[in-house]
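Two forms of a single protein chain come next, each set out by itself as structure tokens; they are called structure 1 and structure 2.
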Structure 1
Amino acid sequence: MSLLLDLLLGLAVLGVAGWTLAVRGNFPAVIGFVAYGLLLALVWVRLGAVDVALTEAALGAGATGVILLFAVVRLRGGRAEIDAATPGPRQRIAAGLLCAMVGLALAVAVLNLPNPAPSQAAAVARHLPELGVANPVTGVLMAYRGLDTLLEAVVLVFAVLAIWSMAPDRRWGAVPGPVFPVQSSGPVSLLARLLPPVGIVIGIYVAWVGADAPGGKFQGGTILAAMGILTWVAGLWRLPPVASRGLRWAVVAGPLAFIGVGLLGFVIADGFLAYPPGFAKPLILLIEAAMTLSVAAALVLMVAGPPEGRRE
């Protein structure tokens, strides 16, 4: 039964991927992309990687799907721009061949792994109590490959800056994205009034519990961002202008906290991003809390796009 379920799941992933590539029309392709991400999340669950499944569902399917949907809406009527950015047949064939070669190489590498596969899991589990966190994924991300996680956090800031930089000079400092009218009826209006109180609590909980169970800053921040986007689209919340100091601090709070704790390691521990005994978990939670805020703010701003409103 388990093998049959895995086979059906694998066939569904391949089928949805093929349909997404073949379908004509941007909106159906985005829907296929979201469905593909959700199926991949189920695959990760079947592999026992719940943290990766949550990240795939929240960021891969959810946040990226919303960004693509907004892009589709904004490109309506821009046939010339779409045609100019669409790769030609030769480029598509080259990209397809390259993807096939990479996929084949990965498959060969996985199928030829030694048994048991090389792993640092035992060493991580042995030293995990020193960090005070029970979730090995959080321990690895925040301690053993903390520099990689820090760079991922910094990338979010650069992504927001890159989007803001596309605004014309006359719009700089204005409100990002369109200003939606207040919707007093309809499904979006109803969901925007019902979901945020629950979603905010769930987002904070998912971020908080990440130290000891599947979850964390990226998953929790994505849920918070989804609640913000929902209220923004319904016209119930107006985004602050990009000149707002509060907005800018929200975007950089996570990376700054990460760098600050890292530099503190030179003083109270063995070096950059080293945690002193007994203080590892409080410092990790401090970074996680600040990063949750920054992830949520960055995702909302990436969906909103460059400043479009009036300067205030």
Structure 2
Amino acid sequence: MSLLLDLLLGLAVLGVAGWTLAVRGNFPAVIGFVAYGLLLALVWVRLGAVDVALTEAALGAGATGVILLFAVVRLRGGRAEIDAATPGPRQRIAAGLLCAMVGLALAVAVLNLPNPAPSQAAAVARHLPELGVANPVTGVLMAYRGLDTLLEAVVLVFAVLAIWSMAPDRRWGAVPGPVFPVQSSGPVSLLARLLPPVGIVIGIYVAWVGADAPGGKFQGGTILAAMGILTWVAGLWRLPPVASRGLRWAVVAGPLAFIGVGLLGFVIADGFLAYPPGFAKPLILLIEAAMTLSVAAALVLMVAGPPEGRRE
């Protein structure tokens, strides 16, 4: 039964992926991609990786889908240019053969993995009680691989900076992204009024509960960002201009808290990003809280794109 389910799910993922590539229109391709992301999230659930499934559904399918749709709406025409630049059948067959070889090589590698599998699960589990965190994924993200997570937090800040720097000079300092007219009726307006009170609570809860159960700053921050984007698209909330100090602080708060705690490690523990015994959990929660805010702010800004509005 479960084998059949896995088989069907696997075929569905491949089918949707193939359709996404093959379909002619950009819009159906993006819809196919969102479906692909959601199916992939189901696959992650089947693999028992609920943390990853949450992130994949929210970011991989949801947020990526939104920015792709924004791009599709703005990229009009170019059909003739695209057709002219598309490689001919001979090149496509050659590329197909080479790509199939890559796929086959990976498949062979997957089928011939060493047995028993190498694992660090025991090492992770041994030290979890010292951290006071019950979710091993959060433990890894915040402690054993803390440096990776810090670098990733910094990547988000740089991504926002890079996106902002695409703005033409005359737009600099203005409100990021398009300005939506206020929707006083219709489904978007209704959802934008109904969902945020619930969504904000759920987002904070998911971020909070991440210490002990699936969830965490990225998943929670994404839910918060989704609420922000919903109210922004409905015209009920105006994004602050990129020159706004509060906005900039919100984006860097998480990485700053992370670096601050990391440096503190030199004084009160034995090195960068080392947590003193007994204080690991409060420090992790402090970083997680600041990071949730920064992740949410960075995601909203990445979806909005470079400043387009008029300068205030």
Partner chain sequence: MIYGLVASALVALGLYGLVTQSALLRKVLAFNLLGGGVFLLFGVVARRGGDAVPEALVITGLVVAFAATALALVLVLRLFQITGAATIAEDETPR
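None of the values given here were measured: they were computed from a predicted structure. Rigid core: the largest C-alpha set superposing within 1.5 Å between the two forms. Numbering runs along the sequence of structure 1, starting at 1.
Here the chain appears twice, and structure 1 is the form predicted alone.
For residue 106, the CA shift between the two structures after superposing the rigid core equals 3.7 Å.
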